[in-house]
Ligand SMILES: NC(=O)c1ccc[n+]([C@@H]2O[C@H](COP(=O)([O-])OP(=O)(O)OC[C@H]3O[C@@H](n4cnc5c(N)ncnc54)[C@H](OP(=O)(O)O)[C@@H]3O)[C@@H](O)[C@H]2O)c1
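Just one chain is shown here, as structure tokens, and it is the form predicted on its own.
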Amino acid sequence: MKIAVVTGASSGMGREFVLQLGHFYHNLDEIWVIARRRDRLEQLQSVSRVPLRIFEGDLMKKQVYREYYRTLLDRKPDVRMLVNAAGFGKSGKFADIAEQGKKLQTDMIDINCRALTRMTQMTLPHMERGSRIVNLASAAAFCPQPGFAVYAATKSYVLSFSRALRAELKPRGIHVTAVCPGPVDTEFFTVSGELKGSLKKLALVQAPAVVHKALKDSRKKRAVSVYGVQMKAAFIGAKILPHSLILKAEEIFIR
């Protein structure tokens, strides 16, 4: 049985990956989708080109991992692609977010880092040569982000982890791509808060285009997928400019 696995599949980028995977792979038997909202997953099932196997659950709780692990052992699938798309962000100053809810920032770490790592660890034994892992990072991973401190740090983890894992898995012929978009027009901002800064608003892009490029870059075995001229410039700029200078520029132009 050839399958793909997508976390965070009920909305946003995860949902879009499910919709496009049927075009990317023509021989998938199922896509296994993981998210908290079953009604959204059932609606997605009605429009997906590939049959879905639904795992309803919160990736911060053990139940969904138990069900997923049991099904892996039972079905023994050939996982052609794992898409770690589950995640969320919360914008604002670190101290202010702490006052809104003591767990908000540690929950970000749990979902964006721990859940992604755990899903990769559980799925990897079922992947073979030619399989792919796609991890949703962010352009926020390129440098520190005041006002988005914890989120940016979690995405830096995703980018670093993806690059290292890519090197480790190269001899096995398993390819890892980190997707680093800028602002994407999804429900993300419902949770994170309103998109601030004129430059960020100008950089807002649509999820289908970002996912299409991510899948193309994965097929080309690229380490990082960056969509759009502005984000590509940010990617290059973060490599050659001191972070202290970038932080000053953010204070002037983005806030």
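Given the structure is predicted, the values throughout are model-derived calculations rather than measurements. We number the residues from 1 along the sequence you see.
Separately, the form predicted together with this ligand exists; it is not shown, and the next lines address it.
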**Asked** So in the predicted bound form, does any heavy atom of Glu42 sit within 4.5 Å of this ligand?
**Response** no
**Message:** Can you work out whether Val18 and this ligand are in contact in the predicted bound form, taking contact to mean some heavy atom pair no more than 4.5 Å apart?
**Reply:** no
**Close approach of Ala178 to this ligand in the predicted bound form, 4.5 Å, heavy atom** = no
**Asked** Heavy atoms within 4.5 Å of this ligand in the predicted bound form: does Gly228 have any?
**Response** no
**Asked** Of these, 86 to 94, 118 to 126, 169 to 177, 71 to 79, which stretch puts a heavy atom within 4.5 angstroms of this ligand in the predicted bound form?
**Response** 86 to 94
**Request:** Give a yes or no on whether each residue among Ala9, Met13 and Gly182 has a heavy atom within 4.5 Å of this ligand in the predicted bound form.
**Result:** yes
**Asked** Taking heavy atoms and a 4.5 Å limit, what residues of 41 to 72 are near this ligand in the predicted bound form?
**Response** Gly57, Asp58, Leu59, Met60
